[in-house]
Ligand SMILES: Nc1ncnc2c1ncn2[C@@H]1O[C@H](COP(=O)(O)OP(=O)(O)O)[C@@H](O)[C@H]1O
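Only one chain comes next, encoded as structure tokens, the form predicted alone.
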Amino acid sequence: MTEKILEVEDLYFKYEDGTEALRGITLAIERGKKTILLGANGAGKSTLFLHFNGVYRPERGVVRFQGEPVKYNNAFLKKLRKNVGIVFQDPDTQLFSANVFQEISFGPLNLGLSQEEARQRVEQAMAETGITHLRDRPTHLLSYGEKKRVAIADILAMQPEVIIFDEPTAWLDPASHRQVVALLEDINRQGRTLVLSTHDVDLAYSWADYIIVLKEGRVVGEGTPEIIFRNDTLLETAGLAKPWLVEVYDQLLHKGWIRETEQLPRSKEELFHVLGHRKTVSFA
């Protein structure tokens, strides 16, 4: 049995300027899974995230955490935000303290933890994100990739059950991109539920357990990566490209250079394995 840790049902939300951001969204996030939300800008991803931890209150519909409807009082919201943390796309909107150690300390201290327990959490979060050497550095002097990892450490120190990442690899150089993706894997292996938004279909295909596709405030498709990226109609509707792995695999099949496999390759290593067992091809 899978357990739903976050759910929204028939969710509607409109901004003050009249923009309808969410139009009857119903979906569920499974505990311990890696879920990705795909969709163009304006699809409603960030707005939905801010409903997950109670920053926004829906016009209509319900948000549930661990099966319990969200209540918009201080006690419930404090519990919710302790357990559902958000790492924003731009770390400069999240970081505000003078140095890295103070920045990561803010959350645990705000939870009412002792100085010693807060320090232990900060040390652990810095070790997990590989930024212990930055502990005394001013946050405004960090590189963009370093700021990203500090922002993640901010949330890790709160020890939430769910961590939401809004475009976690946007604007990162290739090395920083690999570091962040590896860090996300480590965090998930610890048992935390991860929810990401991204425009990176290659990341979504190779990394996610489950994908939810949004368009103009509605869910237009959901399923495993193999199901999503085999649905040409859905991809066209949502304006999504195919991952390069799927395109290459399809071309190899079309040319008859490989046999169709039961499961699509989800990594270049899996694709190389398929190529290693390809049919003998005559070029005569």
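We number the residues from 1 along the sequence you see. A quick note: this is a predicted structure, and the numbers were derived from the prediction, not measured.
There is another form of this protein, the form predicted together with this ligand, and it is not shown here; the text below is about that form.
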Only one of 67, 223, 42, 256 gets a heavy atom within 4.5 Å of this ligand in the predicted complex. Which one?
42
Applying a 4.5 Å heavy atom distance criterion, does residue 12 contact this ligand in the predicted complex?
no
Using a 4.5 Å heavy atom cut-off, state whether residue 231 contacts this ligand in the predicted complex.
no
Spell out, yes or no, whether the shortest heavy atom distance between residue 21 and this ligand in the predicted complex is within 4.5 Å.
yes
Indicate whether residue 262 is a 4.5 Å heavy atom neighbour of this ligand in the predicted complex.
no
Candidate stretches 231-239, 33-41, 248-256, 59-67, one within 4.5 Å of this ligand in the predicted complex by heavy atom
33-41
